[in-house]
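This document starts with one chain, in the form predicted on its own, laid out as structure tokens.
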Amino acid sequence: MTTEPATSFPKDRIKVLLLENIHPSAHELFRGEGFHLETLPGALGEDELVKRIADVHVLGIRSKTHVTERVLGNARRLLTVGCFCIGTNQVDLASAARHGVPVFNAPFSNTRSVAELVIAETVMLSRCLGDRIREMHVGQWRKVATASFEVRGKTMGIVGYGHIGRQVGVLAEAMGMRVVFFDIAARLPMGNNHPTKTLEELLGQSDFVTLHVPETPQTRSMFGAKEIAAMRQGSYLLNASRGTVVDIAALADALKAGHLAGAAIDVYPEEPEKNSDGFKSPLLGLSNVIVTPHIGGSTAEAQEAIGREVGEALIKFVNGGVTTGAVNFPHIDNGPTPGKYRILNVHRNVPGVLRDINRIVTDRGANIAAQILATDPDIGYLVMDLDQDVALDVKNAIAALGTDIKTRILY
């Protein structure tokens, strides 16, 4: 059972720790709520985060800070974690749920930025612009049309047809490209985009293959020598999804052998924790290869929108218990009942919990103004609005149950 030292969390006591240069749009939201805000420009290692996390209620990170079981075990006051990015693999989501900590991310805000980068790279690859630019910078004039093509009329193959994949499809079609896509889930096609039945079918007909899949056990190393060999001779591979998806050594071999005409890679299996010199990759120096330092969503517009999107989700949870959009938690989104106290309870999802809670309420003669329970296989999340005079007593009794993970009360 996890207990909290305070029975409630007044706004002037909510401590927010934001790492990795999260956009000021989030700072403004938290300060507007009267929360205590601390910010750090870089990521924290596990040891340092364990030291910092003890009295933090809200933690905001990007992709370089890892929230492990050890960190969560030392986070005695932690209410929620916000990933100010799309990915959440840097957080032990199952452990966070076991500790009663919902995790939020930004699945929409950088969609356009990533999609625009992919389209820009598609044109650059088709015209070998990276090589021409590099030559000019060293004083070499190479006006050639060899291996340079228009993208109009070419086929764009999109692997992973989520928010970003669909945006890429819309933009590619607007440029006159034919668009096909493959996804393991059924997806509604945008415009004239067409699904393929298999990945192999997509690879065999695409001039450009762009990857937009999450990092999961199924996508790890999903694009290796076999898949690259199945791509059309002279085609191009783009990856702005996750660094573990593509076998970089196999990609380099295919480029050197001339099977692929070029590639654009924005993410890598291992990336520096901070800006530095000395980055190494088998792709460096290869012809018609665009390598960028994980900047797909690095635009002013995307970072501002991410700050707002995640910041608002965190505030809604702290102030009202709303979990809609959480990636590891049952979803509840209901407004508070005026004049009532709200009890938020996270518990192990075992038989009899709601019976025990309702018995506590009944024994104290409390009146339930509203009650919603949502569950997943492991945890249950109960939001209950009660009369003011008995709410604190009910909260303490619920927190004493053997099934309790975390219980708090909102005044």
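Keep in mind it's a predicted model, so treat the numbers as computed, not measured. All residue numbers are counted from 1 along the displayed sequence.
Keep in mind the form predicted in complex with a small molecule is missing from the figure; the text below concerns it.
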- Query: Heavy atom within 4.5 Å of the small molecule in the predicted complex: which of 316, 294, 259, 178?
  - Reply: 294
- Residue (of 282, 195, 234, 214) lying close to the small molecule in the predicted complex, criterion heavy atoms within 4.5 Å: 214
- How about residue 242: is it within 4.5 Å of the small molecule in the predicted complex, going by heavy atoms? yes
- Message: Is residue 222 part of the interface with the small molecule in the predicted complex - any heavy atom within 4.5 Å?
- Response: yes
- the small molecule contact in the predicted complex: residue 78, any heavy atom under 4.5 Å: no
- Message: Can you tell me if residue 149 lies within 4.5 angstroms of the small molecule in the predicted complex, counting non-hydrogen atoms only?
- Response: no
- Segment assignment from 328 to 336, 272 to 280, 134 to 142, 185 to 193: heavy atom within 4.5 Å of the small molecule in the predicted complex: 185 to 193
- Check, residue by residue, if 353, 404 and 407 all come within 4.5 Å of the small molecule in the predicted complex, counting heavy atoms only. no
